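A lone chain, given as C-alpha cells: the form predicted alone.
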C-alpha cells in the first residue's frame, strides 16, 4: 500500500452522504483514507470515485468483532506512523413520539449513534496517540436544540456533545484535538431512511397513538421531506471536517448551515418561547 505524506484518516459511515463526502475530499487532498462501509457494493462504488489512496474497510460500529478487525487492518497499514485522524460519522435517525416509541428502537438509536462512536474511538485511540492525531465527531444542531418526534435522535446527539467535551479534556495531555460538527439540514440519504423507518414504526403503532399523534406525525413527515430536498450539500460538512483535521487551531464546535445557526440562537430564548417557535416552524402549533 502506498504511503502518503499527509497521514491516514479513518472515516466511519462512508457509504453515502457526509461520510462519503469526507472520504472523497480527504482522498483528493492526498490523505490515506480508510473508508468504513458495510457492503461490498459500497466499497466498489467508492473505489470507482477515488484514487489508490482510498481503501474501503468493512466496519459495523455496532459489532465489536468488526471494529476490532478494522482497527487491526489500519494498524497493519500505518505502522509506527499512527493515525492522523478519526471521523466518527456513522449514524441513523429514529423518529417517533417518545410516548409510543418502542424501547428497542430507542436502544438501536443509542447503540449506533453513541455506543458505536465510543467503541470505535476506543479501538483507534492508541493509533491516534502515536501520531498526536485528531478526532472529529459528526454531531448535529439537534444535539443542542431538541425537536418533537425526534427525541431519540436528539438524545443521541446530545450525548455526543458530552462525549466530545469529556474526550477533549481527558485526551488533552497527549495533544489529541477533538471537534464536533453541528450541521443543520443536509441533503443526504439519512432523511429518506428516517422517513422510511418512521413509516415502519407508525404502521405498528396502536390505534390510540394514531388518534393522539396522527396529524402531528404527518406534519413532521412533510417537514422532513421538505428539509431533505432543501438541505445543503454534504460537501459543506466535509469542508468543516477538513478544517477541524488540518487547521493549526481547530474549533471545538462547527455550526454548518444557516438553519443550524438560527437554532443555536433560539437556545438563548426562554424555554417556552423557543418551544413555540420550534413547533410553529414544524407546523405543529395547530396540532396541540
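A quick note: this is a predicted structure, and the numbers were derived from the prediction, not measured. Positions refer to the first chain, counted from 1.
One more form of this protein exists, namely the form predicted together with a small molecule; it is left out here, but the text below deals with it.
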**Prompt:** Looking at the partner-bound form in the predicted bound form, is residue 189 within 4.5 Å of the small molecule by any heavy atom?
**Reply:** yes
**Asked** Should residue 124 be classed as touching the small molecule in the predicted bound form when contacts are defined as heavy atoms within 4.5 Å?
**Response** no
**Prompt:** Using heavy atoms and a 4.5 Å limit, would one call residue 138 a contact residue for the small molecule in the predicted bound form?
**Reply:** yes
**Message:** Can you work out whether residue 193 and the small molecule are in contact in the predicted bound form, taking contact to mean some heavy atom pair no more than 4.5 Å apart?
**Reply:** yes
**Complete:** TL;DR on 212-220, 166-174, 126-134, 88-96: the one with heavy atoms within 4.5 Å of the small molecule in the predicted bound form is 88-96
**Complete:** If we test each of 205, 112, 159, 119 for a heavy atom within 4.5 Å of the small molecule in the predicted bound form, the one that passes is 112
